[in-house]
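Presented below, as structure tokens, is a lone chain in the form predicted alone.
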């Protein structure tokens, strides 16, 4: 197999969303929607994905930018991570997302990487990405979930044949912010709550989101209800300069003095989808934000975890991140 040599494909560059939707419908399974391209180009160079046509969305201005309304802040799916990191409105009202975007990869990648691309990127499991016939690739084996399998970066929760995890930093922030995803296809527009947008292997093992052939993610909407809340984001990776999360945590809290009136908290790196930690929310909601509550929340975060051979360390890591999120937000 020749690495770093992309197979040939037709490059399509629509100038507006209507044209992009039409092309996506025409190409069907042979079409590949391209945003920033940072994840896509890896697939093409390794020759593990061989689309017939690439539909490059870069020329569609309506998919870029940040727009505020009375009910929500809308972020175009092609808005770069650097723009999100530096946007004054996001930093003032939804700093959780700015902090998460700032932790993605490197400055060079954030300059070209998009919010939509970071949300929709595929899992980083090296068995899957190296082209083996695992469950996610249509085969009948999970090579990571074997006695000899290397699974240090894999899941604690939600395994169903596949044990790969969501690698996104912005995804748990969007779940914590109760964001809405806007998806367009030839039949019109549909919206999904962030929690519903991501799908696990028990629902569909060959993809990680609800997006099907012909679907285009156009925007993300952050509700005004969570603007100005108390936020916390932390990511632990092997390398601080550039790496995917071993575990990250994103929390949004509404406080009344020291009492946590409401909370949403989510984590990536521990499940195929960004996992909303509802048990933690139940423990914390209505209680004072103090050391005791934080420690109890941390211990509850790992309830139900099923570690693999080499990822037991993720349990105390998750517990400590959640403890700090409640205590230090």
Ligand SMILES: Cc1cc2nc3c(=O)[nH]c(=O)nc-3n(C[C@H](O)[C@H](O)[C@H](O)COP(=O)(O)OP(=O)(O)OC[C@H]3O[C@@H](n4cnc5c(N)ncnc54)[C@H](O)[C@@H]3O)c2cc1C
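Numbering follows the first chain given and starts at 1. A quick note: this is a predicted structure, and the numbers were derived from the prediction, not measured.
The discussion below concerns the form predicted in complex with this ligand, not included here.
Heavy atom contact within 4.5 Å of this ligand in the predicted complex, the stretch among 67-75, 186-194, 251-259, 102-110:
Flagged stretch: 102-110.
Would you please decide whether residue 95 lies within 4.5 angstroms of this ligand in the predicted complex, comparing each non-hydrogen atom pair?
Heavy-atom contact with this ligand at 4.5 Å: absent for residue 95.
Closest heavy atom of residue 169 to this ligand in the predicted complex, within 4.5 Å or not?
Answer yes; at least one heavy atom of residue 169 falls within 4.5 Å of this ligand in the predicted complex.
is_contact(residue 281, this ligand) in the predicted complex, heavy atom dist at most 4.5 Å
Flag for residue 281 set to no.
In the predicted complex, does residue 57 come within 4.5 Å of this ligand, counting heavy atoms only?
Yes, residue 57 sits close enough to this ligand in the predicted complex that at least one of its heavy atoms falls within 4.5 Å.
Only one of 222, 181, 247, 81 gets a heavy atom within 4.5 Å of this ligand in the predicted complex. Which one?
Exactly one residue meets the criterion: 81.
Scan 211, 90, 159, 229 and let me know which has any heavy atom within 4.5 Å of this ligand in the predicted complex.
None of the others qualify; the residue that does is 211.
Each of 37, 114 and 118 within 4.5 Å of this ligand in the predicted complex, by any heavy atom, yes or no?
Yes, the whole candidate spot contacts this ligand.
Using a 4.5 Å cut-off on heavy atoms, what residues in 214-235 are near this ligand in the predicted complex?
The stretch 214-235, when checked against this ligand in the predicted complex, contributes 215, 216, 217, 235 at the 4.5 Å heavy-atom cut-off.
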